[in-house]
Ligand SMILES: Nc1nc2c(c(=O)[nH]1)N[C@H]1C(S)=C(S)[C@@H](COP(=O)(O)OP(=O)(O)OC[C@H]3O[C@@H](n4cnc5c(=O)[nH]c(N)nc54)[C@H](O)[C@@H]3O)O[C@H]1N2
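As structure tokens, one chain now follows by itself in the form predicted alone.
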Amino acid sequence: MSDNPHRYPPSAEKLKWSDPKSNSVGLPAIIASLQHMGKYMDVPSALKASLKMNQKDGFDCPGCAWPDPDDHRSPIGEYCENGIKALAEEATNAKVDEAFFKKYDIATLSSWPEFKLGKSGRITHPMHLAEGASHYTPISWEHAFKKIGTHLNKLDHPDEAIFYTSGRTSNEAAFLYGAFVRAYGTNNLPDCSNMCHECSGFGLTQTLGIGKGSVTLNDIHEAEIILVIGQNPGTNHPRMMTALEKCKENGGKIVAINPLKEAGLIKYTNPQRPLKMMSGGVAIADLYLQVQINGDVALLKAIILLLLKLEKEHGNIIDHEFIEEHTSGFEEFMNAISQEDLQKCIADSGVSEKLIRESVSLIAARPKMIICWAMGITQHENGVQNVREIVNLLLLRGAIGKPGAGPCPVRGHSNVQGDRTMGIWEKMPGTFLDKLGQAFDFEPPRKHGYATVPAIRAMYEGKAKVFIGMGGNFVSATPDTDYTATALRNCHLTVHVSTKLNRSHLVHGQEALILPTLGRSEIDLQQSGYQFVSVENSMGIVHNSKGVLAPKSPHLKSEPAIIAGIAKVTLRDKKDISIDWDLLTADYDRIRDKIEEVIPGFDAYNERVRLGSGFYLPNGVKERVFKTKTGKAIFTVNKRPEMTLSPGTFRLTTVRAHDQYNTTLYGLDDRYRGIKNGREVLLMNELDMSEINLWPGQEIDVTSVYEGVSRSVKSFKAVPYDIPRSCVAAYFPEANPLVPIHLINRETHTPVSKNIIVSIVKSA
């Protein structure tokens, strides 16, 4: 067993590696998809579900939040390889039933690698772990709800409970969850956004007045140039590749900015276009800038300085009319940028001056510009500043609020953006709380709650004693694994609403419950009949999702039904709360009616969500309406981060493998990067390896030291890779023990998982 059973035990397979791929998707993706469906699902279910996934009369992929086309959708495959893997994971034939939990105790399960845990199957019954017990045992839904209500009502204050939400939760479940938690008396509603795109929302709200992007799929097709920064779409958002392909076919240019060279940004072979497969696909990146880790602000400043130089020499580079009419803060921005040293910015970026100048030439000639980004931008101490500098570049070019232009933060999980819209946030504004109180006739609490990292600290310090997780694998997804595990173990009760077994079920409080829920692909029958739910994708479109497969167990409940069951018991004696939970969950139209009462943009919700592709939520930025403190888009001044490293240290970024989605492992390979049979690896520049006398495959220990506390992962293997000098990469969540709980963006509490200073020694 691992010395730290809350960490991922290593794979027993022998690690292999080869040269990374320079082409993505194509025939290998088709083969991998068919293999997963054939291995984990029965053929009729696989065929039925695959033909309905991401269709207008089907269900939303349980994977990423990339939008579906508004008009034509492929009738045989509106999904990607990782979407099929997500479906096979959810609709697997394997089951974790009562006999399974009777056979395996917590200690045994803790010794299993995460891949083996996840592939054990769907959880079929609600399960309870009594204080001091070694095994989970079955519990009725009635007794599970009663136990939760008893624990919650024994707390000295509602703020001693944490109510976490994963991004897969539907709009209806998220809204109901938020209503219950606030009726209970707290705003402790941390969610996965706190750990990923919170800096995007914060930076965009400061500068543009809305915490979302402003582009559509058609904008991406029409863009003249797209910058893809800190994102690996070939693995994390594979359907985005088709949109980038269309942009290229329309004459657009793409600049990839990322420390690692990723196959999806080099070349893409569309599996739905046989001629493209025969010809070997299409080159995606016209330029590939391998910025050093956290060199993004320096690079953006270098680009801006060179654009300003071109403006001075030739004119017609800066959109003065847009800046004059629609922005504020330009003078302060210009004063600050004029103080920057171009050569210092270039050096700090880690990109050659030649490549930067080539990218500037592309940008200068193409005013219709989109900038896409993901967690390579946001999971930094200066994550908000990274986002604001992206906005500065867009504002200079007037590339906001017109076709083919704008900011495009690419969200991860399939409804993470919708959950926030529904009120899953620890500091929702008073206007939302006012309307929520009016809709349900109670007074919501006003005190801000805990975000994810502060919630972990509260549990660690004994200030929070009950944890309820609506989906997700909390201990693996969060930073500082050892610290987080201790925090969960300090709780009196931990509850996880889940479909599959995961590490967090084994890192528990004094008592623990697992509540099994329906998957996105499964039929949801309530008192009024067949239900659908709704989700919001990464571009602000709300659409319906309706399962088509029979539930894997008759003992599963939907997320809304689970929330209602907990709420009824917990709030039974609160005389000032008169919410009819049974009425709401009997027909989800009633939940949507309440959403319409509370949240702007959801007028005629039940009618519009039933229309084909759904509907777009209001987004003033598209019309150049900026709800900021000045009423205009705001230029900002952002400090260039210090890039000096102490001798013998490296900058570590965490990354996902291709055979993974968030903490869910589909396999142990990373096909595009050439890694096979293992995940405990450190990708290193070959010259750095030589300098510290490491050979390929050598076992190493990696250590981070912050505020006097040393954190280590041991027996990783050094693998040579095309990555800038002094930069290294390791897989999430295996490297999460290195991410200090106190190393965060101070404005958003986002963990700094993309820029951890580490040292490396040979394993003893």
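What you see is a predicted model, and the numbers here were worked out from it, not measured in a lab. The numbering used is simple: start at 1 and walk along the sequence shown.
We do not show the form predicted together with the named molecule, though everything after this point is about it.
Look at 425-433, 252-260, 330-338, 138-146: in the predicted complex, residues with non-hydrogen atoms within 4.5 angstroms of the named molecule sit in 252-260. In the predicted complex, the named molecule stays beyond 4.5 Å of every heavy atom belonging to residue 595.
Interface residue remark: residue 608 is not counted as part of the site for the named molecule in the predicted complex, having no heavy atom within 4.5 Å. In the predicted complex, the named molecule sits beyond 4.5 Å of every heavy atom of residue 317.
Although the partner is absent here, residue 296 lies within 4.5 Å of the named molecule in the predicted complex, judged by heavy atoms. The partner is absent here; in the predicted complex, the one residue of 540, 190, 547, 412 having a heavy atom within 4.5 Å of the named molecule is 412. Though the named molecule is absent from this view, in the predicted complex it lies within 4.5 Å of a heavy atom of just one residue from 304, 682, 284, 195, which is 195. Not one of 565, 585 and 591 is positioned with any heavy atom within 4.5 Å of the named molecule in the predicted complex. For the partner-free chain shown, 653, 654, 655, 656, 660, 661, 662, 663 of 636-663 come within 4.5 angstroms of the named molecule in the predicted complex, judged by any non-hydrogen atom.
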